[in-house]
Each structure stands twice: as C-alpha cells, then as structure tokens.
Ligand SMILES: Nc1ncnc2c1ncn2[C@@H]1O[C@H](COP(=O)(O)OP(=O)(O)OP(=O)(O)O)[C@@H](O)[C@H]1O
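Before any questions on how it binds or moves, here is one chain, the form predicted on its own, in structure tokens.
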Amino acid sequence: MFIHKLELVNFRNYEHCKIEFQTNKTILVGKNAQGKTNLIESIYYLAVLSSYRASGDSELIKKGESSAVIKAMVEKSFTNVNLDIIINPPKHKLLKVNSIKKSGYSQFLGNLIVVNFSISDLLLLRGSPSDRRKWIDDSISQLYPAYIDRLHKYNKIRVQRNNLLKEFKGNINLTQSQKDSLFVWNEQIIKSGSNLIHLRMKYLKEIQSRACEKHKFISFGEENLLVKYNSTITGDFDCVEDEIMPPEKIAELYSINISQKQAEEIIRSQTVTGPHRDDILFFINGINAKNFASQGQQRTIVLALKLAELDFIKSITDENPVLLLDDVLAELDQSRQNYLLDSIGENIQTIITTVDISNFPPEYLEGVTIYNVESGKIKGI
C-alpha cells in the first residue's frame, strides 16, 4: 500500500497544497505549529474517517471556510485508487472512490490502511477508557469496514434506548406497555453490542501474541506483556488464556446483565453497561501498567502495540499499511528509537514528522525524501 499523491483544500492551516510521495521514506521537517501534524492527520482521516485530535469535523476546516477537501491517489494491490472526501458539517461528509460516490463508511474504508504513532499514543495507558476504545475501534474498522457500521448502529440504538429510559422518569414499576417497549430495545442492543465485544476480543487476541513478543525483545526478556479486555458484560478477557467468546454466548451474558441492571438504568436514565463502557488493560509481569509502570515501560508497551499492528495488518491483507510517525521519535530514548527504525521494513511507506533531522542515523537518511513545512506550505529540500 502506497500513497502517491495527496491534495488538501482548506484543511486546518492548508489553503491548498499538493504533495507527491516519491520514496518509501518521507520526512516532513519544520518548526512546531507549521502544519506537519495536520498533514499526518489528513492521511489518518482518509483511512478511518475520523480525526485522532479533533472532537468534531468542524475543527478540521480552515478558519473562515465552510468545507474542506482531502484527495489522494493510493496504490493498493498494484492498482491505483483515487479517494476523495469533502467535509462539510453539519452535513454528512461526501465520500468518493474513483469518482463514484459511496453512501456508507464501510464502502470507503479499507482502501487505505495506516498505523499512526503520535505523541498522544504514548499517553494511551494514562488516558481515559474512551481513548483506548477509539484506538481499538479505529484499528478494527480499517481491517473490517463493516465494524464501523455496527458501531454506529449500536450508538444509535443506545441513544434511542436512553431516550426511552428517560421517559420512565425514575419509576422502576413499569406498565406492561413500557416493559414491551424496553424489551424491544434490549433485544437490539444485546445483539448489536455482542458483535462489537466479540470483534474486539478477536482483534486483541491477535495483537497480544505479536505485541508480547516485541515487548519482551525491547525489555531484554525481563518483562511479559499481557493485554486484557475489561468488559462490563463478560468480565475481564485474558487475551492469552481465554478463548474468544462467540456472539451467542456474549448475548446470553448480556441478557442477564441488562436484567440485573434494569432498576439502576431506569433511575439513572441511561445505559450503564455495554461496549461503550468497556476498557483495555495492560499488565507487565502481572502488574497493572496504568498504575505502576514507569514512563519508559508505558512507551515500550505502545511501541510494541504499534509494531504488532503492522505485522497483523500485513498478515490479514497481504499488504503493508502506511506508517505515520508524528513527532514520536523525539519522545523515545535512543534504544527504543533505534528499535523502531530497525523494525520498519524497507518496503513500508513511512511518513515521519520532526523538528530536526540531525538525530536520525545518517544511513537512515539515504534515499529519503525530505520536505520542509512552513505556515501550511510544503517545499522540497
């Protein structure tokens, strides 16, 4: 997989820019707040249809403009694919593949797959559960585009169910009509939520084995990494020891859980359990890394996860994803930086942002295309 061309119109601080990627390694150099991360963000948006920085699409549009455009020509399976996105809130974004309009996200996703490694990822363990859920949801959506439709469907069902719960006004003594209405929404959220939990378990199971191996190497064999999916429905899923639950089994537990929580949900007027409340836990030698791991250990975990993603995507798609490294090298110590650079295959398109190229090993800069980024303008060096 290779991005040949990228064009931005009114995206962040870019009024209009075009960039061609000529080699597998590209470095974007520039001072802070010049637009390096904005360019990485646009590529990420092409892959997952959401930003890893903005809370909404309106933040992506250049000040004073009403819409933004992202275009790219991507080589996939030895065929060039043209991708177009028009971001025009509050309307739905317009998606095109080879000039053909796509009505659903799942019809667009999968044409470009990326692994993004940014400074914010280094805070993955210390961040909120919603940060970790976004990480796994974005990752799965690229490999299984139907997942994003299922996630959107689940969220719509949850909103409708919450609206119904609010109508009860905290009265747990429901009429038969109210019970029937709640039953309908319960059935829908159980089916939808069970599929999401199943796919998250499946993804983490694959990532665990690869990440554990890489983590052990970086830590000189002294640390064992364990990933757990902390589900409000099924309990903790040990990605090493436990078998992946089929959706039907998850649905059984879901039904019991939702029955037990009914009074609480009516009183609180909201859905209190489900994949929207789940989390991902990381352990080093059996100890919760979020609470006890050093900064270096946490960065080792994230580095192992990102490299595991690269391997897993290649195993599924038989193509290398595009690797995006956004100012992350400066935040890694020399040993971790060297391990990351050494782990990147020569045939993986890698786009790196940095404020200074002097820290790169001279041999790494051979055959690398370097662009200077200044005030939303890109120039060759």
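The numbering used is simple: start at 1 and walk along the sequence shown. Just so we're clear, the structure is a prediction, and the values are computed from it rather than from any experiment.
There is another form of the same protein, the form predicted together with the ligand; it is not shown, and what comes next is about it.
Within a 4.5 Å heavy atom cut-off, is K25 in contact with the ligand in the predicted complex? Output for K25 is no: heavy atoms all beyond 4.5 Å of the ligand.
is_contact(E319, the ligand) in the predicted complex, heavy atom dist at most 4.5 Å: Judged by the heavy-atom cut-off of 4.5 Å, E319 is well away from the ligand in the predicted complex.
Using a 4.5 angstroms cut-off on non-hydrogen atoms, would N32 count as touching the ligand in the predicted complex? N32 belongs to the contact set for the ligand.
Please determine whether E59 contacts the ligand in the predicted complex, using a 4.5 Å cut-off between heavy atoms. Because a heavy atom of E59 falls inside 4.5 Å of the ligand in the predicted complex, the answer is yes.
Pick from 309 to 317, 331 to 339, 344 to 352, 37 to 45: which stretch has a heavy atom within 4.5 Å of the ligand in the predicted complex? Careful reading of the contacts points to 37 to 45.
Please state whether every one of the three residues H4, D356 and K379 places a non-hydrogen atom within 4.5 angstroms of the ligand in the predicted complex. Looking in the predicted complex, the three residues H4, D356 and K379 all stay beyond 4.5 Å of the ligand (heavy atoms).
Sequence-ordered list of residues in 1 to 16 near the ligand in the predicted complex, where near means a heavy atom within 4.5 Å: Those in contact are R12, N13.
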